[in-house]
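You are given structure tokens for the same protein chain in two forms, set apart as structure 1 and structure 2.
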Structure 1
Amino acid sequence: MNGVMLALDPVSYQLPEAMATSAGPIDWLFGVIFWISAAFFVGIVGAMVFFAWKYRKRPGHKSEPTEHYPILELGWTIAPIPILVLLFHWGFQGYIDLSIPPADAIEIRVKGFQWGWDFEYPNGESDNVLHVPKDRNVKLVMSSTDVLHAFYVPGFRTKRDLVPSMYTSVWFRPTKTGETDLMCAEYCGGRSKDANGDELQPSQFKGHWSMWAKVVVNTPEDFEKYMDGLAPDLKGDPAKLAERGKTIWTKKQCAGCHTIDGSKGSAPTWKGLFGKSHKMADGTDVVADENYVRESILTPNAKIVAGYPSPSLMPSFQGTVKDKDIDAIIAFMKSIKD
């Protein structure tokens, strides 16, 4: 009996496991729409098959043109209206519920960029993995640094667009610990060639589809421990500071363009870059020192290395990296020698 009931539940085999309170109303409405659609499908296709058989061409029967039947035509036009009004009401009510967070919600900042995510926690630290506490209300305040992105977590039944030059928000309350997928639901953008016009390998393609990340639901205690361990004090330890810089190089998607082994990429390699003079697109020579690295991270178009696209393909990281992150990146670059 349980197997039959499970098979009759469209949510159980079409959607991933629900991990937030927001999933309940959405799953219920999904089921309602599914069974309404199924009923109309059976009714319409059944009628079509019946009439195709009943009025099939056969000897002794002559076809005649049909006439208008106003009552029937008004009936199938008016009958769906109450259903559509109810579906709109339930859907809009759910949208409003997800847009107005409780007053005690933890606020996490989300920034989307080409091509990755940045999550800033209440303590000011950031990561490219979204950690949230179980059984706590969480509000996401979201923005985009470049183009339209779509924050989508199927396990939470949560999707909201990130729009350049404005903020959007959504909230949820996780109910289970564990991991679930986070992705960008836009289906445009990206590139398949590097800065010199050479074809990239499929594994190197970048676009909305490559903005896959994880959401980790922790117990409240583990969530606090996670935030405390995000940015340990590494002053005075160049090796660990450089190690943190390498972590940032990975998390901020720098690895997608800047190689560290000297190989060709769509942006200058970091190997042997620091401390040397480089020819810029305007013909000037610039030494890649601390000020140059900082300026290039915050204002990518200020100085562009000769042979690379102008304007730069690199997004500005203004507001998404802190001074101590830049210090760590510089320490990492210093450690990558020829």
Structure 2
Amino acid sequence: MNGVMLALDPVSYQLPEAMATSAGPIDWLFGVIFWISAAFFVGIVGAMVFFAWKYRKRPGHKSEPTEHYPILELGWTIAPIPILVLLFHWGFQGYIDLSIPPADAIEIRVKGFQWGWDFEYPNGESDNVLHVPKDRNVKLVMSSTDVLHAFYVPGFRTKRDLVPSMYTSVWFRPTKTGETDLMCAEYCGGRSKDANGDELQPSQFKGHWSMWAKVVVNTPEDFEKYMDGLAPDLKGDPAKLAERGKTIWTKKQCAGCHTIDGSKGSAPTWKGLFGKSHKMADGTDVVADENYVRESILTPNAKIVAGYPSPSLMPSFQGTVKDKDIDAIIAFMKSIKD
């Protein structure tokens, strides 16, 4: 019996597992519209099939002249109106609830870029995984550094475009601990060739579809622990600092272009880079010291390495890579000097 009910419940197989309060009203309305539509569909198609069979062409059978059915005509013009008004009303109400974040919400900053995400937590630390606390209101303040993207977590039923030069926001209240998916829902391009126009390995293709990120719903305690873990005290321990630099290399997408094993990617490898003197596109020789690395990260176009296209393929990380991240990157580069 329970199994039958489950199979009959459209929400159970047409929508993903609900992980936030926002899903409740949406799933309910989805179910309501499903059954209204199903009733209309069965009515229309049922009548169509029945009439087509009952009044099928056969010897001796004749059509009857069409009459006027003013009541019927008026009826089916007017009858749907109350249903439509109700659907509109429920949909709009749900929408308004989704757009007004409660005052006590925790604020997380979201940056979308081609092709990844950066989440900055209230303590100023950031990550490429979105952790959120269960049973707390969370508000995301979002913007894009390049083209349109959209923040979409099916489990939360939330979606909102990220627009360059504009802030948009969403809020939600997770109801279940666990992991779910975050995807980009506004087309933002893709790349499968390197700077020289050579085809990359399929595993290196990047684009709209690869803007996937893990969303982790923690208990509030675990969430605090997670945030603290993002800001370890690393002063005076170059090995740990380098370790952190390596994490940043993957988390901030540097790894998408720069290798650390000396192999050639779409950008210069970091192996053996630090302290080396090398040629720029304008012919000058520059030593890769702390200042140069910093400048390369914040204003990639200031100096372009010889042999790479101008303007640089590398986006500026101004604002997303913090000073202490740069320190860690430098420590990491030093650790792979040779």
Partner chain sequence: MSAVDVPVTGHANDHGDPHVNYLKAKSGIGSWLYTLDHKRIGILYLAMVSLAFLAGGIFALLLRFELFTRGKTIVDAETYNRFFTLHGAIMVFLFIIPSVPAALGNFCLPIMLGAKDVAFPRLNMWSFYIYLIGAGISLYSIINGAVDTGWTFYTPYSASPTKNYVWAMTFGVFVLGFSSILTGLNFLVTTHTMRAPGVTWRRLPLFVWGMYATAIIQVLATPVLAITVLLLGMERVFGLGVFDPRLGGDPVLFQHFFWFYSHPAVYIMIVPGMAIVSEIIATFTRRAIVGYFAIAMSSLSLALLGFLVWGHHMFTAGMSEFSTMLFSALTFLVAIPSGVKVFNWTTTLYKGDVWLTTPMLYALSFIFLFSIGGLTGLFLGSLSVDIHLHDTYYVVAHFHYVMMGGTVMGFIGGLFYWWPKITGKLYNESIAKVGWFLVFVGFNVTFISQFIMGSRGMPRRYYDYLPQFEPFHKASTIGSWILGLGMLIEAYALLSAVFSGKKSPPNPWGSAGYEWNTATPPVLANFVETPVITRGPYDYHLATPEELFDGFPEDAPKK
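Numbers follow structure 1, counted from its first residue as 1. Predicted model, so just to flag it, every value in this text is computed and none were measured. Here the rigid core means the biggest group of C-alpha atoms that line up within 1.5 Å when the two forms are laid on top of each other.
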item: Selected structure - criterion: the form predicted on its own; value: 1
item: Same-part call for L72 and E179, two rigid parts between structures 1 and 2; value: no
item: Degrees turned by the smaller rigid part between structures 1 and 2; value: 11
item: Cα displacement of G31 between structures 1 and 2, once the rigid core is superposed (Å); value: 2.9
item: After superposing on the core, C-alpha shift for T77 between structures 1 and 2 in angstrom; value: 7.3
item: Displacement in Å of the C-alpha of Y55 between structures 1 and 2, rigid core kept as reference; value: 8.1
